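There is one chain below, alone, in structure tokens, taken in the form predicted alone.
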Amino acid sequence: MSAPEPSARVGGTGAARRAAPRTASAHGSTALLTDRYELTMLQAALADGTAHRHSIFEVFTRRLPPGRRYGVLAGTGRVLEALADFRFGEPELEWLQAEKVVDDATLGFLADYRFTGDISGYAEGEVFFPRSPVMVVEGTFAECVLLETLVLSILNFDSAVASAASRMTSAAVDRPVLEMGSRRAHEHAAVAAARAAVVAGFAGTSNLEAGRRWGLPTIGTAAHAFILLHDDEESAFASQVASQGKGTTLLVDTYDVRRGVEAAIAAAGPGLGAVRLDSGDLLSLAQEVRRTLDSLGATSTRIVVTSDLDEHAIAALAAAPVDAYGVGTSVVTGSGAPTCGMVYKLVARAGEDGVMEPVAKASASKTSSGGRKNAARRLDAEGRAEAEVIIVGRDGEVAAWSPEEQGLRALHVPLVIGGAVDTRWCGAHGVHTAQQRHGLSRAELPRGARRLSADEPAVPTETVTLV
């Protein structure tokens, strides 16, 4: 299809301007959340006639971060939500034209851009391993290549946060973990991090936008500034209890912890909801605070600890009388692994005859495997994972494959069909579904896989070729 004159696409009037409406989403267009080379590749492919070749792109990681035994896929729902807003409206097209990023024919293509292909992949919340094909994007080259940066920027960040969060909730066992890292991240990353942490089992977040957008439970009462505002702890605590009720959490370590606990119970009575410790030797302080609370009759008052916690600090507090943990910096930065190293690679494309052909990069240390893939997890008689199984072979057979062997659990689910997003993976429902999936998936890991000590991936990745 030939592109209309650029004036009908950019800077025109009347009906011509309405041909490329601005997205109505409250979040605005996501089309420029991308790298320039995605558009320059598109321009060249449109010019040489290869842009409309049917193509398959695959998202995977070649290795886990050092010492990690598994990863957690998160951000799938955000990808699907962002896909709905991936539109080049007049503001985007006018800027691309003014900056001479692409030519007029490419601007015409972008004005009508809609993803009409298919996306499948691991369910959000699923654990993954090296070479796991966590997302497969299929359509024309032109449709798919534009999504690379958007998909990777979301999945790499969200999965890094979820992978760290999973280690923390695993170390906490049955004690709730709360996300409170907004002040340690970019303002928009903080919202995404809160969502990813909840996918991996966190019980709530301090971030109100994340709560509004995805229906997440929000938490928070008062900081040290509120205590310091008042003439003494007694008046600060009395004010907070009057405002928020006896079920609130009082911060008791601004001055002397024991006196702080006594003042808290004096203000709220033995029915106080919780006290929070945010500094010092948390193990010994928690023990001292528990004794003090019990001696004052506040046997049901919980102890919440914060203060630069990570999975190792949480594990070290396993024997302490702690009821909940609050984590900030470590979770929003991936606890030492801020990205998952995921890549988005073309693995198959149609030749001149229309037949799908596998393609792969062969560079040293960055090799990949060509061709369409399917995926399953092999489970033993107890339902524990034994291996990640990657299915390869002739394109049509791999696409139609379903596990017949007992003990194989298929991992790919449909996410987008013919451009239509399966909204079950989006919004608040999508987060809840992902959290449930993570709990079930992590429970399949072999015994010892959740230890925090550095080790190899929890299960090997095997390749099965269909014949």
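Just so we're clear, the structure is a prediction, and the values are computed from it rather than from any experiment. The numbering used is simple: start at 1 and walk along the sequence shown.
We do not show the form predicted in complex with a further copy of the same chain, though everything after this point is about it.
L96 is the sole member of L96, I390, A171, V304 with a non-hydrogen atom lying within 4.5 angstroms of a further copy of the same chain in the model of the complex. Here is the short version: of G297, G245, G396, G354, the single residue with a heavy atom within 4.5 Å of a further copy of the same chain in the model of the complex is G245.
Comment: 187 to 195 is the region of 121 to 129, 288 to 296, 187 to 195, 371 to 379 lying near a further copy of the same chain in the model of the complex, near meaning a non-hydrogen atom within 4.5 Å.
Using a 4.5 Å cut-off to a further copy of the same chain in the model of the complex, not one of Y325, A410 and T465 places a heavy atom inside that distance. Interface residue remark: M342 is counted as part of the site for a further copy of the same chain in the model of the complex, having a heavy atom within 4.5 Å. None of the heavy atoms of A267 is located within 4.5 Å of a further copy of the same chain in the model of the complex. Though the partner is left out of this view, L229 does reach within 4.5 Å of a further copy of the same chain in the model of the complex, counting heavy atoms only.
Of the heavy atoms in E262, none are within 4.5 Å of a further copy of the same chain in the model of the complex. Using a 4.5 Å cut-off on any heavy atom, the one residue of 133 to 147 that reaches a further copy of the same chain in the model of the complex is F141.
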